[in-house]
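This document starts with one chain, in the form predicted on its own, laid out as structure tokens.
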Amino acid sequence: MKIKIITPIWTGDIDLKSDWLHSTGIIGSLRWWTEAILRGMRKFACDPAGDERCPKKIKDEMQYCPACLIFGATGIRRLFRLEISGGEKIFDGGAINIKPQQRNRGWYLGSGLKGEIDLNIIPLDRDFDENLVLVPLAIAAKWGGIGAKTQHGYGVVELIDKIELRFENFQGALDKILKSERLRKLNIKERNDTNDALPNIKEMFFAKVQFEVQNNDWWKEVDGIKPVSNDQRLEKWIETGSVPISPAIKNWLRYDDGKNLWQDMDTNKKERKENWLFGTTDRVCSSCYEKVNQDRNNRRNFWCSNCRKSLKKEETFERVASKINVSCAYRINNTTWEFRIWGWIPEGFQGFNRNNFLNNLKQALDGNGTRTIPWTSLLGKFTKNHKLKVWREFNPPNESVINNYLQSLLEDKGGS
């Protein structure tokens, strides 16, 4: 299968560089999307980086979640091998600092990769069906991104080889690897558990926004880009047909008037909600997302001033990823550009009103809410006619069957 990179893709190494394509970065991303789909189907999918990862041993019985049965875990191998090649480094040198106005620190964007990817899926098990990989890949390509740092705009791709995919084929392939006879031969069982606090496609939203440009240099006026518009590294990035607008949009949403879409009047909760929604590199309490410091009375623990508790290391998060991703802008035709904003917003955190936030965000993107987005300040004076092209989220009872919803995502069907 051939994949076209629309916005730079990031599959970083231990040196935090993305000079070449790492298959582990792609596989990790595919697993993330597969887990989100499985949870939407009410299947359990463990966090492979968490303490509760598979296998789970109960008495003498080893249990694995469906995601681990596909992607492998300790004691069980992956059902397939992925051979990946292609991609070309965009520029040499360090990261570009995109620093929107009034920010002391900005967003650092490393080179990433451009071009095309050749992806070859090789079965390692007779029960493997490539729909287990292709369906999550197609949904990620049509609505989100693959690889790392999607919250910074990386990872929008297009499947060049057009394949008609049916979600029912993913369901059938899943049923095949979960057959009791097969699991009995492997001397394992399917793991059924609960993990409501992890990404679930039922709780995700997807939006595409389009706008028109009046000249080819419009990008030089984007908030944060103007001071570095003559940087040759950035010029090479622009030559890929994408513009890193994520810092401008996220800065407005997190620190500027956009915060009115998600924060409430309780300023004591503001920072915790901000950490929960937009992520942080600070170590925080896993319950309330308050920043924690070393406990002076127990140097092995951390103290949460909000919960008034001494926490073990595993009761904290070393860092938190953003729940909102904003892609780079990418060209649709000579005058029209598009970007994606998408993410996972679950219910139930510290009184955060999910429905209000998503409604406010949708209305702001569509230009019909009480909060308007200052597009020309963010994207420059040479852009116009900004419009929400499509908004998608699981919407029961109108879409009561998750399989139908996922099929509509595969077919790229738009919502409102």
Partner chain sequence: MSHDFYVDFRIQRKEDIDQLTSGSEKYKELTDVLSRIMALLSAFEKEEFRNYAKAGDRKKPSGLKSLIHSNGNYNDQLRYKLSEVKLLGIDLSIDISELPHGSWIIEFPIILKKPFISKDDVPLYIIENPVRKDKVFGVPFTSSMAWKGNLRWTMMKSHLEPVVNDPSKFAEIRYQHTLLFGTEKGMEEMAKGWTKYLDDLCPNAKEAYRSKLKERFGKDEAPSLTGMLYFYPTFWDRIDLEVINPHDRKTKTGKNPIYYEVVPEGAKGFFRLVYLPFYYLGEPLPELKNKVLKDLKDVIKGLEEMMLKYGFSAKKSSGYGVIENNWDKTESRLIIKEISDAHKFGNFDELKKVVDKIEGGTNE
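Numbering follows the first chain given and starts at 1. Computed from a predicted structure; not experimentally measured.
In what follows, reference is made to the form predicted in complex with its partner chain, a form of this protein that is not presented.
Checking 193-201, 132-140, 302-310, 207-215 against its partner chain in the predicted complex, the stretch whose residues place heavy atoms within 4.5 Å of it is 193-201. In the predicted complex, at least one heavy atom of residue 48 sits within 4.5 Å of a heavy atom of its partner chain. Mapping the unseen interface onto this chain, residue 151 counts among the residues with a heavy atom inside 4.5 Å of its partner chain in the predicted complex. By the criterion of a heavy atom within 4.5 Å, residue 27 is counted among the residues contacting its partner chain in the predicted complex. For residue 242, no non-hydrogen atom is located within 4.5 Å of its partner chain in the predicted complex, even though that partner is not displayed. Contact annotation: of the candidates 128, 91, 252, 317, the single residue with a non-hydrogen atom within 4.5 angstroms of its partner chain in the predicted complex is 317.
A heavy atom within 4.5 Å of its partner chain in the predicted complex is found for one listed residue only; from 230, 85, 298, 180, this is 85. In the predicted complex, the residues of 109-140 lying within 4.5 Å of its partner chain by at least one heavy atom are, in order, 122, 123, 124, 125, 126.
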